[in-house]
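The chain that follows stands alone, in the form predicted on its own, written as structure tokens.
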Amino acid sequence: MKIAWIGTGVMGKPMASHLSAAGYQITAFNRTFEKAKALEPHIKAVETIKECVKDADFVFSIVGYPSDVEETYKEVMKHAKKGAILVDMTTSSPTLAIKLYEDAWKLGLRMLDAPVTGGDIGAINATLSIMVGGDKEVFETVLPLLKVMGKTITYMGKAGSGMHAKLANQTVIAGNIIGITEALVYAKVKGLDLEAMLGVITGGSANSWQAQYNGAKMINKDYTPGFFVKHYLKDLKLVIEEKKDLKLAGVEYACKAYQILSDHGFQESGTQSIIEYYLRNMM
């Protein structure tokens, strides 16, 4: 079984490495060749998508933006062998996912949309949650590979459903991270010890992944990215694009805050840097 892997960044690197460690033969492509090259000798690095996918039974991708996904699969579909299964794990557009699924079918290929959540820690520890859209039988074929990379694998339905599920997940995070930030800002203004306050949050019913992993980083002004502002802002804009007439006030507020942060040079920072929006604009 041969697997092609496209995208060896913060998420893709450990995900591909888990498959390699499980004994699968992996060939990797990244636009910055050195990032793929760093995975050798366990993973073979190549300089073109054509070389990466030409003999692959499975093609996985996790890139940046919907435009990157579209560009990637335009090339993949030129060179993938008939019968290959394509799995896009980027958080991308549900509308695009449906189009790519249909394009793949016409070429004798099969395609799933399978975005992930859990951040860099989940990718490193192989504890990602993976949401999958596409044909059920194709999902079942790919499931053993997904289990190597993630802990919670959920089939969500037809093509595009994985992407819709991820956008719903990002909607939850918007409310969660705003709540944690506002709690810490409130505590700071009222003179409370922030470390003690975070202990209260993580020790009770207000606990969450965001509180556990990003709360302390907010307090310490550690904005090292586990998930980039620029990528989360992309996700929020996708929610707004897809929500149509739904009123999602939390998403709209978070999108505004992250856009302002991005405009002020925080696009390469982690999502926990949202606290700077409050510290700079509301205190």
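Note that the structure is predicted; figures quoted are calculated from it, not measured. So that there is no doubt, residue numbering starts at 1 and follows the sequence shown.
The form predicted together with a further copy of the same chain is left out here; the points below concern that form.
A.B. asks: In the predicted complex, do Asp55, Asn125 and Met149 all reach within 4.5 Å of a further copy of the same chain through at least one heavy atom apiece?
C.D. replies: Judged in the predicted complex, none of Asp55, Asn125 and Met149 sits within 4.5 Å of a further copy of the same chain.
A.B. asks: Heavy atoms within 4.5 Å of a further copy of the same chain in the predicted complex: does His164 have any?
C.D. replies: So His164 counts as contacting a further copy of the same chain.
A.B. asks: According to a 4.5 angstroms non-hydrogen atom cut-off, is Thr141 in contact with a further copy of the same chain in the predicted complex?
C.D. replies: The answer is no: Thr141 has no heavy atom within 4.5 Å of a further copy of the same chain.
A.B. asks: Is Lys99 part of the interface with a further copy of the same chain in the predicted complex - any heavy atom within 4.5 Å?
C.D. replies: Judged by the heavy-atom cut-off of 4.5 Å, Lys99 is well away from a further copy of the same chain in the predicted complex.
A.B. asks: At 4.5 Å between heavy atoms, is Met77 in contact with a further copy of the same chain in the predicted complex?
C.D. replies: Because no heavy atom of Met77 falls inside 4.5 Å of a further copy of the same chain in the predicted complex, the answer is no.
A.B. asks: Counting any heavy atom within 4.5 Å as contact, can you tell me which stretch out of 141 to 149, 69 to 77, 205 to 213, 102 to 110 lines a further copy of the same chain in the predicted complex?
C.D. replies: Contact criterion met by 205 to 213 only.
A.B. asks: Out of 159 to 174, which residues reach within 4.5 Å of a further copy of the same chain in the predicted complex, heavy atoms considered?
C.D. replies: The stretch touches the partner through Ser161, His164, Ala165, Leu167, Ala168, Asn169, Thr171, Val172, Ile173.
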